[in-house]
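Next up is one chain by itself, shown in structure tokens, the form predicted on its own.
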Amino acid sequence: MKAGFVAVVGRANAGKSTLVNALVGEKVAIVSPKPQTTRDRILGVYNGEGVQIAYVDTPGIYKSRTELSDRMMRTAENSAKDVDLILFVHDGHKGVSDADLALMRRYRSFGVPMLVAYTKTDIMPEENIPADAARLFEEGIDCDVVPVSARRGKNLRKLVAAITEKLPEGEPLFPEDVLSDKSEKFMIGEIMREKILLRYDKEIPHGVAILVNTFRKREEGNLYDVDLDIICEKANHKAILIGRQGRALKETLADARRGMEAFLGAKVFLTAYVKVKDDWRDKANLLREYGYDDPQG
């Protein structure tokens, strides 16, 4: 059979996590329209007939302004250097810029086979696709380009076939029932962060970390107790997160609880506190405490 690791890379908001979820067939990564939604390396495992593909979803390439974003960029690059294939996800409806070409060339220089998934074809004119593919080839991006729409499920089988063709023969990397390398506790924290990303604007969601203090299933009944801290960077951010008479936080927690229950297939009793840690994204000790280890040690 074919089996291998595939690093999913590209610019922020190109649709990497949406594509990985669609390819795996389960939610293994949170999704929002905001850059830097994915902060860590997340593994999603696909099992097909005669193939197992371990997709490594990485943080989107984004202009770095904090130690956290520096670590995210290092995570993305390091993840792409020790895999069997790089899947470069390109947002097709934005066209092809010189910066896009430079980024593709950088990943191409790693010496790892590469495919380009040309995404979001459902929201762009189809006639743009051949011209963009031709430009990539003319500019030296000499790899296959597969137009897809993760949201519509268009051409995903073709993409899987193209990936499978480039993977080595080997034994399965994981048992068939393994979908991700991340724990349920990790995903609970990510679901909370996803709902904050979707609800709040500007810098507030990017300055939020989630620390899950308690994640426990009760012995009786299909019920989990979840206690977590929502960490923000400024006192005025805390006020916005909570909202007038606590309304904004109550609505966000209700949405998060529904997402957690759908993920776990069980009822969730959710307790959350909002805490301020000034400029935590630039403090190494707090980054470690919140689970953002430096990929360079």
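Numbering starts at 1 and follows the sequence shown. All values derive from a computational prediction rather than experimental measurement.
Keep in mind that the form predicted together with a small molecule is not shown, yet the notes after this line are about it.
A.B. asks: May I ask you to choose, among Asn47, Thr252, Ser32, Ser69, the residue with a heavy atom within 4.5 Å of the small molecule in the model of the complex?
C.D. replies: Among Asn47, Thr252, Ser32, Ser69, a heavy atom within 4.5 Å of the small molecule in the model of the complex occurs only for Ser32.
A.B. asks: Among Ala99, Val178, Ile123, Ala161, which has any heavy atom within 4.5 Å of the small molecule in the model of the complex?
C.D. replies: Checked against the cut-off, the match is Ile123.
A.B. asks: Taking any heavy atom pair closer than or equal to 4.5 Å as contact, tell me whether Ala150 reaches the small molecule in the model of the complex.
C.D. replies: Residue-level check for Ala150: yes, a contact with the small molecule.
A.B. asks: Might Leu23 be said to contact the small molecule in the model of the complex, defining contact as any heavy atom within 4.5 Å?
C.D. replies: Close contact is absent here: in the model of the complex, Leu23 is far from the small molecule, nothing within 4.5 Å, heavy atoms only.
A.B. asks: My question is simply whether Gln52 lines the interface with the small molecule in the model of the complex - judged by any non-hydrogen atom within 4.5 Å.
C.D. replies: Gln52: no contact with the small molecule in the model of the complex.
A.B. asks: Spell out, yes or no, whether the shortest heavy atom distance between Lys283 and the small molecule in the model of the complex is within 4.5 Å.
C.D. replies: Output for Lys283 is no: heavy atoms all beyond 4.5 Å of the small molecule.
A.B. asks: Of 150-158, 220-228, 129-137, 179-187, which is the one stretch near the small molecule in the model of the complex, taking non-hydrogen atoms within 4.5 angstroms as near?
C.D. replies: This holds for exactly one stretch, 150-158.
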